[in-house]
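Just the one chain here, laid out as structure tokens, in the form predicted on its own.
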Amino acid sequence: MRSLRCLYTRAHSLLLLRSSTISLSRFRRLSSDSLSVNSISDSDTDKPKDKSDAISSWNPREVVMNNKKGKSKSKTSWVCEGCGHSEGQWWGSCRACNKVGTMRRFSQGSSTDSATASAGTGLSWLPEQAAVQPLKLSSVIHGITQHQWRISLPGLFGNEVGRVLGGGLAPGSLILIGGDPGIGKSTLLLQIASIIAEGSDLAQPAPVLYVSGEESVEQIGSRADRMKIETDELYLFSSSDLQDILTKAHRLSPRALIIDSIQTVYLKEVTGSAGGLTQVKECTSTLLRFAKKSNVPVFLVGHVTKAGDIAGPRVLEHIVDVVLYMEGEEHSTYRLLRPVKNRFGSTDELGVFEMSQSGLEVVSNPSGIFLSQQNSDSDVLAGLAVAVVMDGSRSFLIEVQALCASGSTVSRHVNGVQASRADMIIAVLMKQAGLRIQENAIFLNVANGMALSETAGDLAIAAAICSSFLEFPIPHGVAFIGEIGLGGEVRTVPRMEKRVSTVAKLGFTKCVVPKSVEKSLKALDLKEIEIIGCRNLKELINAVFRG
């Protein structure tokens, strides 16, 4: 056994010695070859190099180490689509807003390449700001008129859009417009482009560049012809290359630039395809610098996700100056233009339009668009009540419908009203008002597909339920404003004067409000309307449903 172990040890030692000898010989051959290459390259440094010499004189270190001069490793981060929070690694949920499944991969190129691409792409012709010093506020606003602060948008349509923007279009602003596909974003921007190009009494007609990466010039022209837009200063261009777009804009010197959409344009120097996180961020940043340096307002169209948010990183909404959302029901012709972010005005404004064959038209009386045709003195209309709600600075009248049916298998069904809010109002009616509706199935609905999320509609919901349960139609021309507490008391809501004034303008004769604001509302001297104050639900029933 000992002899066998000795033979095995000697054989193993010979194998190791042989392998080390082979490796050493190979290393010597490789080192001699590298020395010959270096000697050849050093001897030929003074000679002119052609293409063949350039190919043969490569640096092995650059190939092996992938260490190209002036470049660094790309940085990868994970960005939350909900709040914009970024992390160096992936997590199952966002650590800032705690939303699950919102972390998306965001790859950034090298710092040298990204700085070069973002700083110089298409903007080399812009004037350089060599020495910028802090300025006093008085020196900035001295001698500047309202016309220089804002670009006026004339006409009914222009006034409606200008009011949403905060009093007109601010020069050098970057505006992002989002909305569902087919909601009318391109139609809205084409009409805005036509108004700006035609000019006004204070400004002469000027060129406006409308760029589309989704439609051809012929398709845009066909839509403009259907909308009867015939201005000569509106220029159409179909391209997705942002550098080419900015070059054309420089030659044209437009009064406004419209990009439809930001998800279709790209920069050649930035990695990723059009619509990716990196491309969207870099393209938006480039357009922001273009707007600020050239003082040209830029409109961007943004696609939305299934959740209703603008596609791309949340940082996109932080870059732009104004974010507008265009909303509308699927089977409705009405469109709402709502500002979500506005650095130049209030976000409480709301624009109301109606889609027609010739484009978007301004609704002259938006307060009553959600009311149905009422027929007084009809038993069929028992269970209908009118609520007054606020959306921004606009007040709307919506119709709440209630049905109490005995013997139904469904205990409760709610549409357009928060289920928890409806349960609370029904419980308060049973406990505080004494209505025996335990054995009835209650159905609640808001007319025209609207959603009632404001507490000012509590009083109308309670009145509709009482009307259906008592089988007593509410008289025509009565509106309800107020919040209901757990004790059955009627509480006041903000902007009562604005709501009551809207009700009076629409021809209503009575308005039921909380008792605490009855005197102040009567002081408004609204002679055409009667103010009825109620402290609780029992007084509401006695005031409205007495025979």
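All residue numbers refer to positions in the sequence shown, first residue = 1. A quick note: this is a predicted structure, and the numbers were derived from the prediction, not measured.
This protein has a second form, the form predicted together with a small molecule, left out of what is shown; the following refers to that one.
At a distance threshold of 4.5 angstroms between non-hydrogen atoms, R436 is out of contact with the small molecule in the predicted complex. Remark: G182 counts among the residues lining the small molecule in the predicted complex, judged by a heavy atom distance of 4.5 Å or less. Under a 4.5 angstroms non-hydrogen atom cutoff, the small molecule in the predicted complex lacks Q133 among its neighbouring residues.
Proximity of G359 to the small molecule in the predicted complex: non-hydrogen atoms within 4.5 Å are present. Of the candidate stretches 193-201, 96-104, 251-259, 351-359, only 351-359 has residues whose heavy atoms lie within 4.5 Å of the small molecule in the predicted complex. Checked against the small molecule in the predicted complex, the residues T187, S467, T286, Q279 give one hit for a heavy atom within 4.5 Å, which is T187. With the partner omitted from this view, the residue of H318, K431, R226, R412 that lies near the small molecule in the predicted complex is R226 [heavy atom within 4.5 Å].
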